[in-house]
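In the block that follows, a single chain appears as structure tokens, in the form predicted on its own.
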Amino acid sequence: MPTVLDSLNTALRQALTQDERVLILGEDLLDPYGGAFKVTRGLSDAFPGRVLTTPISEAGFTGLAIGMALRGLRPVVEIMFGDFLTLAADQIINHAAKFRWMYNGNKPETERVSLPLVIRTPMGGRRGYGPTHSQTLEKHFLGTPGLVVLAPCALGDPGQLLLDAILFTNDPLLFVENKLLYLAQVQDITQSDDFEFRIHNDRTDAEPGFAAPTYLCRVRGAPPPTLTLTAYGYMAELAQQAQRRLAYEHEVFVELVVPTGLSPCKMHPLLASLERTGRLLAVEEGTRNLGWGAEILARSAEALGARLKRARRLAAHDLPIPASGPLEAHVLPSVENIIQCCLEMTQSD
């Protein structure tokens, strides 16, 4: 099976092949280096002049890409580390996300502004890179009107998610790739011996070619679940490991809900699971305070009221990420943490 990195690299190659308007911009992308995490390897040799290496100026080349998108191109920006998104936050939040409201007004369809820009970036820790290269910062961009935020996982086809984002979306989009997810093998959800999956796709008339799937996962042959576990990106990998161990070691059965679309937030697959279980644990690698999990719990409580019996968040401690391996492991949530939370939530009322 291919890795997530292979899948994303193939998607970029397909996008460049299928649409000549697609370009890729970022630091150190040219071969033989092929980018800091090698997602763009081989592409500058195959598509000379369309994979552009840039100066070290995230605000500068993100702004350049915004202009390209406004002029009809479909640029893909790579930010070398997700921590550096803060350097382009003004361009993303105050400009790209707002232009369609600022400039369209009552213009006819043929004159309306669109901004088909994809910004890819690796997030996350567990590599010992220290406080400024290990953060999970997407929560600072969630909820920005006009900005779509996606997070691929190792289920299904992460490359297809990226390809659809590049070719079919007409609004700025942040594509968050966890560093440890790159080397994870893509799971063929149709051939799993241990798990059974259902997929929920959100398709709209406005974007008929694009869907951000939500994956629902249960241990194959297990009794009905008593808790809903939700996580995205690499944390979904850890949640699935916890789900297996909970079933086989503790006879506790949970349903795992893995969204790939973080913003706008589509709640109905999760709410359908909660109608069955009444218990929710939201897991994320970002810091706990005011995070994604808090929003998920709030929306679940608003929708279900007293039918939501228990709800809890698990996230990183509200601390900078240490460079020390043992300290980093202590700050970030683990499989053991997930198992312990699930046991506490299901073994007492």
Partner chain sequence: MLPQKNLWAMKTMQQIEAELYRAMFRIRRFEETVLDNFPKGVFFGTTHTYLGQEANAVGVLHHMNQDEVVFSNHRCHGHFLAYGGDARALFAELMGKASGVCGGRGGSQHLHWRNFYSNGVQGGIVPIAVGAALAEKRKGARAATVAFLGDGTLGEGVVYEALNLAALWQAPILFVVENNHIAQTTPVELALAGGISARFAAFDIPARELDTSDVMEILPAAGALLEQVRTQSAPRALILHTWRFGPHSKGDDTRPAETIARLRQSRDPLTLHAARLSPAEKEAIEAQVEDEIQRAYQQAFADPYSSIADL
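Numbering follows the first chain given and starts at 1. For clarity, every value in this text was computed on a predicted model and none was experimentally measured.
One more form of this protein, predicted in complex with the partner chain, exists but is not displayed; see below.
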I'd like to know whether E111 contacts the partner chain in the model of the complex, with contact meaning heavy atoms within 4.5 angstroms. yes
Is K107 a contact residue for the partner chain in the model of the complex, using a 4.5 Å heavy atom cut-off? yes
Answer yes if any heavy atom of N94 is within 4.5 Å of a heavy atom of the partner chain in the model of the complex; otherwise answer no. yes
Does D90 reach the partner chain in the model of the complex if we count a contact as any heavy atom within 4.5 Å? yes
Counting only non-hydrogen atoms and a 4.5 Å threshold, tell me whether A316, P322 and P326 all contact the partner chain in the model of the complex. no
Assert contact residue (the partner chain, in the model of the complex, non-hydrogen atom within 4.5 Å, options R50, R41, R310, R288) equals R50
Selected contact from H268, R71, R220, R276, since only one has a non-hydrogen atom within 4.5 angstroms of the partner chain in the model of the complex: R71
Only one of 280 to 288, 293 to 301, 60 to 68, 33 to 41 has residues with a heavy atom within 4.5 Å of the partner chain in the model of the complex, and that stretch is 60 to 68
For 14 to 31: residues with a non-hydrogen atom within 4.5 angstroms of the partner chain in the model of the complex? L23, L25
